[in-house]
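Single chain ahead, by itself, as structure tokens, in the form predicted alone.
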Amino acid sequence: MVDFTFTEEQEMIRESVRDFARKKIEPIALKMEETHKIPDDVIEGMAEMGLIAPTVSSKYGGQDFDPVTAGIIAEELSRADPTGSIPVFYLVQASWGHVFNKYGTEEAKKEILPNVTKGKWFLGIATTESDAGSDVLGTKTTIQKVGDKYVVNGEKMYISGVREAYTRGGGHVTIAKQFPEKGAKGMTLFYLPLQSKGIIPQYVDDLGREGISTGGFTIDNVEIPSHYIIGQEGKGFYIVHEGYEYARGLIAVICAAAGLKSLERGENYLKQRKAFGMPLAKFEGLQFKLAEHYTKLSYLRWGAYNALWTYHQEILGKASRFEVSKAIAMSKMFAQEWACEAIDDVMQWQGAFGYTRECVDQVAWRAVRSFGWAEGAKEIMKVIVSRELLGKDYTAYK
């Protein structure tokens, strides 16, 4: 029987993050829609509390946090920030910080990770291209070894944190084809500093989560040292999916938290608003909707923590990669959909006000909607689960 009781230490971490989020994030959250950035003092505060890439080893300034503890932080940040900006800033660095910490060279980790955990540099993930999203094998970016260095060419698009890394410092865990003829076994993962000569950034306006940038960059003959290679040459396709799965588990937690927070606002509104002489909360149709959404999101939250727990079991050598893939995919499959459905109904309950920019829930809806694609679409989650149930011989795209 799996015991999901949080430890005393985890509960203390939750309370400290919740207190920080209430004092430092909630008051400024909506302002990020206007400023299009996370305030420096918030980033500094997160760094002081060890909330930036806390999955990294303490040797490099991290906290050695396990996936469930990382999920607790994600949940509390999501409850405080309806724009989704800070949760995205957090989850990207937590998940890919873990990958960098596990597979990066010692020289690269000493150089890069302390700057990340201190909040000086941003660490992102760059796999998506204009014609290659969930289909990583469709990547056109290339990396070639030239002497004792590597040369990268191509482009990446719809990437989080481009402006942050390009202006503040840092870079992205990036994937490219090194041996195209080998397919999945010919892709290599590496760290790409965005302030390198030959990087030209561009930005796009997202529908939500305005506090963190989205964009892309062209890569024109960018040279990187050999110690920036993450893992072995040709193993990038497999390593990158470990990062995806960590991020997907955190996304599921974030979606559940955003949806449940919206329901809390909805409950208060139903009790206060009257129609036809009585509170909206007395209308059975609305009660049933509330009950359905709360049940779905509660199960989603449980499933997300179960997935992160399973991920931790693999780290401990007690679960297989396939068990992790299935649990993670199941947790994310309906995360965005269920959260958006709940938030949409909360907006509906508020009538015309729910369609105004003053309604916090429309901010949350726009933020959560982005997770329908981030780190793999719902359709990809279905492919993964069915593959694990039926076996690889029945994968449709083979």
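Small disclaimer: the values here were computed from a predicted structure and weren't measured. Quick note: we count residues from 1 along the sequence shown, nothing fancier.
Below, we turn to the form predicted together with a small molecule, even though it does not appear here.
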| Applying a 4.5 Å heavy atom distance criterion, does A132 contact the small molecule in the predicted complex? | yes
Contact between A126 and the small molecule in the predicted complex at 4.5 Å, heavy atoms? yes
- prompt: With a 4.5 Å heavy atom cut-off, would you call W373 a contact of the small molecule in the predicted complex?
  reply: yes
Worksheet item: Does the small molecule get within 4.5 angstroms of any non-hydrogen atom of Y244 in the predicted complex?
Response: yes
Which of 222 to 230, 278 to 286, 322 to 330, 152 to 160 lies within 4.5 Å of the small molecule in the predicted complex, heavy atoms considered? The stretch 152 to 160
Are E11, E15 and S262 jointly within 4.5 Å of the small molecule in the predicted complex, each by at least one heavy atom? no
Students should find that, of S196, T105, Q313, T214, the residue having a non-hydrogen atom no more than 4.5 angstroms from the small molecule in the predicted complex is T214
